[in-house]
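So here's one chain in two forms, each on its own in structure tokens, numbered structure 1 and structure 2.
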Structure 1
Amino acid sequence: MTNCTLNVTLIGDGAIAKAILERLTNHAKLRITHVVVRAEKIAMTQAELEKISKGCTAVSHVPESAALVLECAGHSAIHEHVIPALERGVPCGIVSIGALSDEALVEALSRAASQGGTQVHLLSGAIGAIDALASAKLAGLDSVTYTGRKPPLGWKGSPAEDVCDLSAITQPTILLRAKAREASHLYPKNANVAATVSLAGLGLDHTEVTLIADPTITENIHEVEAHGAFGSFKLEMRGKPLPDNPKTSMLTVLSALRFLENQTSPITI
């Protein structure tokens, strides 16, 4: 915790990064000083940044001055930027949790953070109750299940197209029942929530995942059910997109803002 302004570097210039930049304009304690993008996009991103966040510079690598890094880009950015930053001792937050379905990457992150004497924070993103799940794990979990439901067209471009005719189904249709490791591999666009629930709870090889195409719903629904020594819980989340950017889940952006706020606030929750 610091009383000074915290200089934050964002990795990525997509939907989540832009929403964070817009919401942190003129923040009293947090300043996004740099946005890391691919080298060929620097000029274009810089022009966009002038409109959203004055004083913020597009760069191709995390600068030496970064006090905190927030990744909102994807798997390759974790290798290229997060790991070197951790090795230099810069704490990092990650939203692309689906990338951590790759165990080698989890080990590489852990090694880099240990080497730098810092920590990597896995953000809860679009799903809730990660605090309850990770706490419950300390006394032992018996089972954790994750069910992801989307309207049929939300599964377009995925292996679901080989399971059923997405434009013709009239009943909720199970696309996959598998352990989280296989589910993340087959449905990478659904991997963020499955991986987050797994990492907080029973791991990728013991978390049961069910994916459903449901023509009776209009929004994405995440359900998590956990049983263990602590008792049990059932969570149902119906996340909304950001009003100004339907491509981004509102809660993922808010979870990133909460993470950043907690770095400078005298009380964290």
Structure 2
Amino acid sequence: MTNCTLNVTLIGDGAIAKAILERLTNHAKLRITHVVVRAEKIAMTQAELEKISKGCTAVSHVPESAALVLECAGHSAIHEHVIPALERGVPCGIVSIGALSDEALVEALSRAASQGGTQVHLLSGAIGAIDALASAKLAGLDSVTYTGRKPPLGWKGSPAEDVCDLSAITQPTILLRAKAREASHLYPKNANVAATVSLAGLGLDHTEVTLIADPTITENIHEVEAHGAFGSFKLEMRGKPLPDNPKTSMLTVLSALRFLENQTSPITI
């Protein structure tokens, strides 16, 4: 860490990336210099960037000058952009943890980071107590369960639409009971929390997941319960969704901002 401004490259131009850009405008120590998008979107993204953040450039690949990369775009972006950046020695943060239900991708990230002599950071996103869960894992965990509840609108565009009529349900409806690997694979845009919890704890094949569409709530509710040699804990979080994307918790954006802030702060927690 230095007193210099840290230049950050964002991958993606969706709701999460835009919220990060807006919140970092005129930041004293952090500056988003590039936003990576598909080549055909560069002109449109550049026009949008000029309204939000001065001096930020839309590009199709992570620039050679990148000092830190933050991924906010999904599975394909990790393959296309994060892995090559890690191989060049650029530290990267990943928001799309659900993509890591693919074991081969986890191994590829590890190899790339080792080759580049750097690290890939998996952000906690919409869930808390990840530090406690990862610490408890060191002494041994017996069970970890995750239950995710969202309003029906939060499940639009997912396999939930094949399970029930999301616009017609009047009571909480279970969409899926499965291990975290299956949940993350079927609901990659909705079940990042399930993947995060499993990677911090017992793994994708030993973490029990229940996903629920609940018309009686307006918030995204995450419940994690863990038992092991450390004792036990039960966590409930009620996260407000991002206004521009009801599938995403506002805390996901705040988690990314905390990750970036920690890169320039003299004290981190």
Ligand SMILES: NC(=O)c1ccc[n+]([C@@H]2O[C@H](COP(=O)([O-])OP(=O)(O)OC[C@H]3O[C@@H](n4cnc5c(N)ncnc54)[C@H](O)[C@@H]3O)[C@@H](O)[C@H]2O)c1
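If you superpose the two forms and keep the largest set of C-alpha atoms that fall within 1.5 Å, you have the rigid core. Reference numbering: structure 1, starting with residue 1. Treat the numbers as computed from the prediction; the structure is a model and nothing was measured.
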| Structure number of the form predicted in complex with the named molecule | 1
| Does the distance between the two CA positions of T196 reach 2 Å or more between structures 1 and 2, the core being superposed? | no
| said: Quick check: D142 between structures 1 and 2 - does its CA shift reach 2 Å or more after fitting the rigid core? | reply: no
| field | Residue shift check between structures 1 and 2, rigid core fit, A213 Cα at least 2 Å | value | yes
| said: Rigid core superposed, I'd like the Cα shift of P159 between structures 1 and 2 in Å. | reply: 3.9
